[in-house]
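Consider the single chain below, provided in structure tokens and representing the form predicted on its own.
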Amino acid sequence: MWLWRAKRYSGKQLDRYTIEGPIGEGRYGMCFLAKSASGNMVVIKQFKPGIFKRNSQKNIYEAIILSKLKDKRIPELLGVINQKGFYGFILEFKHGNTLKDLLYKYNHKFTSEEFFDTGIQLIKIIRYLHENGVVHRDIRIPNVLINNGEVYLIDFGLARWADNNQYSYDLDFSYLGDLLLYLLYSSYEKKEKYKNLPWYKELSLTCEQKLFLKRLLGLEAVYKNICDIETDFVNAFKPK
């Protein structure tokens, strides 16, 4: 249904951009691939009118945070569109496939080397965010892109400035742990005689690797900062 609604925007001119077609829908709106007058591709993130009015104070966080972050691994905020009931952000287009597509559309099985390369790059992105006072709060497989081995983090709709109360840095840690399990399970072959086992009994992991993941997921003493996570990830998972 959303795809049918979104397709009516194909070919529509918005400011200096021409919409080519929809690329996805989220809780707050739709994303379109568009082309600028100079031929550059961008992403236009349109907010659903009703949700935008109800969450006008929250929507501004994404724009402010992205305008403060300057890193090639994160899409740049290029502008804002407010035209005839169409309100949205213009974002840099990042090439690549999401982890969700790699896992479920292309059935990609991550090798130990790919797992480590993806994990360490993502951890370094999170470290950059935390060093700049930002908590992403939505580090999931649809929001991580890979292009020629390079990792990118997108969708900052839930991102907030960190504080010691509602938005603490450790909110990102459990998301990271869950995402890493998706990658590990991509190459797991289930044995029928063992059913409904927890991941730490099902996956072939060392004690060090299990402890690392349990700490991320809050099953053991939770990590206090991303620097310790980076150190322990390298020690536990770097291919020998």
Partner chain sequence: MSFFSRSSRGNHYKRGNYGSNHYQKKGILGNLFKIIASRSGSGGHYNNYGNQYPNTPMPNQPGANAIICSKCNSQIPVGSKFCLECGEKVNESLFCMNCGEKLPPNAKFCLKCGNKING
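Note that this is a predicted model, so its numbers are computed, not measured. Positions refer to the first chain, counted from 1.
Keep in mind that the form predicted in complex with its partner chain is not shown, yet the notes after this line are about it.
Not displayed here, its partner chain is kept clear of Glu113 by more than 4.5 Å at the level of heavy atoms in the predicted complex. Not displayed here, its partner chain is kept clear of Leu14 by more than 4.5 Å at the level of heavy atoms in the predicted complex. When its partner chain is considered in the predicted complex, Phe173 lines it closely, a heavy atom lying within 4.5 Å. Shown alone here, Ala63 lies within 4.5 Å of its partner chain in the predicted complex, counting heavy atoms only. Looking at 113-121, 91-99, 158-166, 144-152, the stretch with residues near its partner chain in the predicted complex, meaning non-hydrogen atoms within 4.5 angstroms, turns out to be 158-166. For the partner-free chain shown, Glu76, Leu77, Leu78, Gly79, Val80, Asn82, Tyr87, Phe89, Lys100, Tyr104, Asn107 of 76-112 come within 4.5 angstroms of its partner chain in the predicted complex, judged by any non-hydrogen atom.
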